[in-house]
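One chain is shown next in structure tokens, namely the form predicted on its own.
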Amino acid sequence: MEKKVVDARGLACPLPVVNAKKAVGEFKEDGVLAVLVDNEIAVQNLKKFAAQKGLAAAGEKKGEKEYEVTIQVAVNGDPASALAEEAGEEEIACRTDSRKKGLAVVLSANVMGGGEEKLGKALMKAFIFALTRQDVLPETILCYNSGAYLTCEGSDSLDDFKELEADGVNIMTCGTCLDFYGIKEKLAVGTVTNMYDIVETMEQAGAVIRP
């Protein structure tokens, strides 16, 4: 089985897809293409490209700004795959970076405001959803104390956080807090951070939003 690796880290859209398409065309037999990229948007575009070719693909986050997209290449594609590629190829488009450098959102609890907990959770869910609909997105979201629950399995806001991460927002959750609540293994989006990085991020932020 043929195997190829394309290192597209540091390349601007649409170059990761362009290079992957070229590599797929060079396969002489069925095999696996691994594409290395450094952002979630590239992952989504590569998976969309694979779907258009009728190929199976999976993305995996390897580390901070490190992703690998694995594409199962079938040399003898069927006519339906070719038609899908022809019909959908132009749909892949680069998404503009709408983040505001130096803007940080701090979520120190899984509720918004005081009062009834049920209301507070509903307000926080609405706040995070509203973030996804802003013309200008934060550069970073910091989650600590009970705010750590927001980025873990079972959170009502996971889809919204994943959408923000796909748009390049850096989502960081306090490791000490995850350990304290016993939910470190349930982290489902973003990365684990520490107090040094939290302080540094807040110090360097041009503006900090606290709901």
Partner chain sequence: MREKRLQLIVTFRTTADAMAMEQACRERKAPGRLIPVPRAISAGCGLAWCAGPDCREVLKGVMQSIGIQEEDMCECMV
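Positions refer to the first chain, counted from 1. The shown structure was predicted, so the numbers you read here are calculated from the model rather than taken from an experiment. Under this definition, the rigid core comprises the largest set of C-alpha atoms superposing within 1.5 Å between the forms.
Heads up, the form predicted together with the partner chain isn't pictured, but that's what we're talking about next.
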Hey, with the partner chain in the predicted complex, do Lys61, Glu64 and Thr70 all fall inside the 4.5 Å heavy atom range?
-> no
Although the partner chain is absent from this view, report whether Leu119 comes within 4.5 Å of it in the predicted complex, heavy atoms only.
-> yes
Verify the contact flag for Glu153: yes if a non-hydrogen atom of it lies within 4.5 Å of a non-hydrogen atom of the partner chain in the predicted complex, no if not.
-> no
Examine Lys125 and determine whether its closest non-hydrogen atom to the partner chain in the predicted complex is within 4.5 angstroms.
-> yes
Thr132 near the partner chain in the predicted complex, any heavy atom under 4.5 Å?
-> yes
Taking the partner as it appears in the predicted complex, which of 51-59, 34-42, 142-150, 160-168 has residues with heavy atoms within 4.5 Å of the partner chain?
-> 160-168
Once the core is aligned, please say if the CA of Ile183 is shifted by at least 2 angstroms between this form and the one not shown.
-> no
